[in-house]
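One chain comes next, on its own, written as structure tokens: the form predicted alone.
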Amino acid sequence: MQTDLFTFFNPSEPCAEQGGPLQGKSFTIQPNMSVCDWPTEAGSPALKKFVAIEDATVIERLKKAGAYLVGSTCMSELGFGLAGDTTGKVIAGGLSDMALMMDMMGEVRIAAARERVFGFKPTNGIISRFGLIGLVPSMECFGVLAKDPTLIAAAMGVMTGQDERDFSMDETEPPSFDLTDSEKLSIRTMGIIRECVDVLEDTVMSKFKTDLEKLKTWGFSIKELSLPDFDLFRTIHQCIGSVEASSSCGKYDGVRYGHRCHQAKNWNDMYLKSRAESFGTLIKSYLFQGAYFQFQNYDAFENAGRIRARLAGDIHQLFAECDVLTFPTGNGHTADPKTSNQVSDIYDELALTLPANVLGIPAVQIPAFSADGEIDPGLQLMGPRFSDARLLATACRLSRSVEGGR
């Protein structure tokens, strides 16, 4: 076991008692997901020495389904970006069958693309967020990484469903993740957005065109569509996301839990120093941006909300012309965690995954169609809300097509 990939190992032996759809399967989590009596520091000094007092809802459900929890992986501070995250490496190295990871900007899909495995972000609101230490509530959700998309579907079938402890859940009946009727779930037409494709780097563009040609040979129709305001997804996410993050982090005050500065003259001094010591430079930059929009330029935040609603309508119209939208997962930009402390670098790297988070729609990352060694930005499919099962069924179909072609 490679201990440098984990922050905590499960001290218990695997339990082989009750049966279930995930009996014998293993999973890992990030340490921003509550497991009773486990350290849950979320990669941040703000939660130093914090230990969870109960299991998150998804942890409870996976355990009841027979899955065994291996441990906690390393993660970026509060899940913002991928600096130091080891979740993808754990899956690629076969140290766990599947992994839970918070997808706030597309982290699940980028982590999966880096390691050439499958990564899935579900429709927001179909999985309880109870027990998740989040940052941007309206744009984040539990995502799943695995080498086999059928395993992701099995895990999703277990994790979805109402939870009275999470009032933010969608009241709509969640989709079924039974993929046996593949004909019913089949996807015919994939749309590509012209404004997205036109700005791709040459190497990414070349690989994407190759993937599109292979999709055509496997029976999919490719349709070019237009969304003139595609570049606004980044602006909207950064404005709304930073405000929500600033609000979410208000609870880290050094009083109730987490880090507290012990060298302070009075209560107010303790509060200010604790806040100053609780976050790294990158997170502080993001929180300062959010505070600016909250207190100095609230009109911009309100406008971002209106534009977000309009973009949701625009995307809905595009889905009337195609079954799914397809993009490269990565755009060729990779932030260097050793030298980068800029929020813009994180947004540069995750620029193509942001739409699914802004709109709360499902998306799946599919690994390379090509031979090992080639540049692989990955292939990403996004569908309308509640089309989760169709996306995973398509991922299974493409996985079989790739295997059949080798």
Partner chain sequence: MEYEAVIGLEIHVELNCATKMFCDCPNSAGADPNTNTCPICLWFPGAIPRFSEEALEKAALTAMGLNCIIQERSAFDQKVYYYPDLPKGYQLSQAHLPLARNGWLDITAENGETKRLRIHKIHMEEDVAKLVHEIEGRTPISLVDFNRAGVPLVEIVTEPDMRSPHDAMEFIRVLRTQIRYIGTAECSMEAGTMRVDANISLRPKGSELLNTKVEVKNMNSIRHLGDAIAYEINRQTASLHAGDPIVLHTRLWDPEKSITVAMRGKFEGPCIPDPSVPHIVVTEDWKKKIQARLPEMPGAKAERFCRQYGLNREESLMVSGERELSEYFEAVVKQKVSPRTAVHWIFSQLAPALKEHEQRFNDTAVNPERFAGLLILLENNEINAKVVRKVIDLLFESDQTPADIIDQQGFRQVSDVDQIEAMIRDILAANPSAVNDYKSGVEKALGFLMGRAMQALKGKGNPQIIREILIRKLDA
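Only a predicted model underlies this, so the values are computations on that prediction, with no experimental measurement involved. Numbering follows the first chain given and starts at 1.
What comes next is about the form predicted in complex with its partner chain, which does not appear here.
Practice problem: Scan D314, D178, D166, E201 and let me know which has any heavy atom within 4.5 Å of its partner chain in the model of the complex. | Solution: Partner contact (heavy atom, 4.5 Å) among the options: D166.
Quiz prompt | Selected contact from T160, S246, T86, S76, since only one has a non-hydrogen atom within 4.5 angstroms of its partner chain in the model of the complex | solution = None of the others qualify; the residue that does is S246.
Quiz item: Among 100-108, 143-151, 128-136, 214-222, which stretch sits within 4.5 Å of its partner chain in the model of the complex, heavy atoms only?
Solution: Among the candidates, contact is made by 128-136.
Practice problem: Check whether Q294 has any heavy atom within 4.5 Å of a heavy atom of its partner chain in the model of the complex, and answer yes or no. | Solution: Contact check for Q294: yes, within 4.5 Å of its partner chain in the model of the complex.
Quiz item: Do R114 and its partner chain come within 4.5 Å of each other in the model of the complex, heavy atoms counted?
Solution: No, no contact at 4.5 Å.
Practice problem: With heavy atoms only and a cut-off of 4.5 Å, decide whether F50 touches its partner chain in the model of the complex. | Solution: Answer yes; at least one heavy atom of F50 falls within 4.5 Å of its partner chain in the model of the complex.
Quiz prompt | is_contact(R188, its partner chain) in the model of the complex, heavy atom dist at most 4.5 Å | solution = Close contact is absent here: in the model of the complex, R188 is far from its partner chain, nothing within 4.5 Å, heavy atoms only.
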